[in-house]
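This document starts with one chain, in the form predicted on its own, laid out as structure tokens.
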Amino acid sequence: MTSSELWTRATADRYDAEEAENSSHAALEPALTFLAELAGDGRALEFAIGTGRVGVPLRERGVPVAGIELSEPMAAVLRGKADEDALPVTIGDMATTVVPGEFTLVYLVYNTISNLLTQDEQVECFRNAARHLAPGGRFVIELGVPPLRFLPPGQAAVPFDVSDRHLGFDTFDLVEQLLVSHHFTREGEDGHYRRGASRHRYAWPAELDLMARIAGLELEQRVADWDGSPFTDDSAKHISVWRKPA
């Protein structure tokens, strides 16, 4: 077991509703196109596949997809969308769990590598990706750039969402390179809010490149979003692609 926090049944049951906007056709289409082009005629493996927000529609595009998922409740929600024959899922952690066969694409989206709370585990995640890749295959990560320049001296938190139904902010431990994402979500119209928090280890793009090098992978491209826009000093996140040498 890794240091990743385990998603519960209650979280799994409401996940798709809370991520409806990010699961729309308009939101997913650029990511699906990006991933399908990299997969080509080969197989794709999604680390932390969750409820299948990306894996299920990618499979519907004709890409054979398999998944690894730590949370059994999240995988159970996916099972309501695709059976084991259509989209096999192995219960386990993304740093050490091995599934049969080779893949032309391994991908890890939506900041999920940050669920591994130690550098050693994140390195092992890269090694695990390389272990599954065929020569010439790619490992793709979607990850936010740590917003530390928005953290002036004496300030402990950075907001990332302030809306009528949700307040979200991150607090930082700069020594341990950890952050806690805090969420206050309004439920119903009676003024009741549900509070949640999750821990993450943030990493810079250059640190991920070093992890990739340790795993025998080479940086192929880095863009600011799934649409291929250039990665710049002002980019809030990056899509990075590392290649396993042929």
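Residue numbers run from 1 along the displayed sequence. What you are looking at is a predicted structure, and each value in this text was computed from that prediction instead of being measured.
The protein also exists as the form predicted in complex with a small molecule; that form is not presented, and the subsequent description refers to it.
A single residue from the set Leu105, Val89, Met74, Ile141 has any heavy atom within 4.5 angstroms of the small molecule in the predicted bound form; that residue is Met74. Although the partner is absent here, Tyr110 is a contact residue: one of its heavy atoms lies within 4.5 angstroms of the small molecule in the predicted bound form. Using a 4.5 angstroms limit between non-hydrogen atoms, Asp170 is distant from the small molecule in the predicted bound form. The small molecule is not shown here, and in the predicted bound form it never comes within 4.5 Å of any heavy atom of Ala129.
When the small molecule is considered in the predicted bound form, Val54 lines it closely, a heavy atom lying within 4.5 Å. The stretch in contact with the small molecule in the predicted bound form, judged by heavy atoms within 4.5 Å, is 114 to 122, chosen from 159 to 167, 131 to 139, 114 to 122, 144 to 152.
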